[in-house]
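Take a look at this one chain, the form predicted on its own, written out in structure tokens.
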């Protein structure tokens, strides 16, 4: 069953299209990563999923039901959108007590259990307004998890967390998915999304660019030959003279992506030695995830064919 489905979902603000005809499917028990740069339209889409923003066009369904005024499954949904809200003058415990009352949750240990799960015990009696950004996000996650929702929608949940907190959230999400929860996870940090997501959707300028299963990500990572010489500018010029396309990487080395250079680095080395510019570095490397992401959202121009 699709827990989340959108069909040609669109949101326009005047002449600005924030979300442009996005169709998504998220299955039960899936951790679905939603990746994009800041301003790509991630939060706008999440707000439409939660009924906070009305779409200009298209439709949203959660648990097979349309998200509209008659939608009655909100008790199955937990969410954290942007900066989590809390009553700054109330303690962590009292904020959670208010949420427990609003949700009409029963049980004496509900609050203590979620405080333990999010490692908020030492801040239990601290006012929410005095918490660090990372601990405000922990409190937001605690509220999202208190009622044990079947669907968890999270927008930048690791924002402000220290490395230990990031690992804790990562393990928590995997545990929840193993127990049957469905998680829709939005972020601009590709490395973290790739570590937990079963499927990854990439959005850019409001449009869905591509979707990848976790097993496909490694296969999509391209390879390139990287090299350096004592004079990279001269080496670039000599390579171009011999018809070898190269780019100067932002980290200072020369990168060659054509398959022939990757398969036969010795030919490039011999050419540079012949030109009096022997390589001081020569190595075949795979792209990292950030480079894959940039290549997906900014594909190279197609070369004209005769």
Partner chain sequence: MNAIRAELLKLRGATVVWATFVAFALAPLMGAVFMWIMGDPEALGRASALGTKAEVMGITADRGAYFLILSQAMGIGGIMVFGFVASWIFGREYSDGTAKDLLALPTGRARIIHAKFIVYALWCLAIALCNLLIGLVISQLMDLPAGSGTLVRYVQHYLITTALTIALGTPIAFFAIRGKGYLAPLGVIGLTLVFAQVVAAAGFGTYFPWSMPGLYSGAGGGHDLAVNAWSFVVLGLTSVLGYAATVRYWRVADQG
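Note that the structure is a prediction, hence the values are computed from the model and not measured. Positions refer to the first chain, counted from 1.
Unshown form predicted in complex with the partner chain; subsequent notes refer to it.
The contact with the partner chain in the predicted complex, taken as any heavy atom within 4.5 Å, belongs to 94 out of 112, 94, 211, 205. Partner contact region in the predicted complex: 47-55, out of 267-275, 31-39, 47-55, 235-243, criterion any non-hydrogen atom within 4.5 Å of the partner chain.
At a distance of at most 4.5 angstroms from the partner chain in the predicted complex, all three residues 69, 99 and 102 contribute at least one non-hydrogen atom. Using a 4.5 angstroms threshold between heavy atoms, residue 121 stays clear of the partner chain in the predicted complex.
Interface residue remark: residue 184 is not counted as part of the site for the partner chain in the predicted complex, having no heavy atom within 4.5 Å. The closest heavy atom approach of residue 191 to the partner chain in the predicted complex falls outside 4.5 Å. In the predicted complex, the partner chain lies farther than 4.5 Å from every heavy atom of residue 215. In sequence order, 79, 81, 83, 85, 86, 87, 88, 89, 90, 94 are the residues of 78-94 having a heavy atom within 4.5 Å of the partner chain in the predicted complex; the partner itself is omitted from this view.
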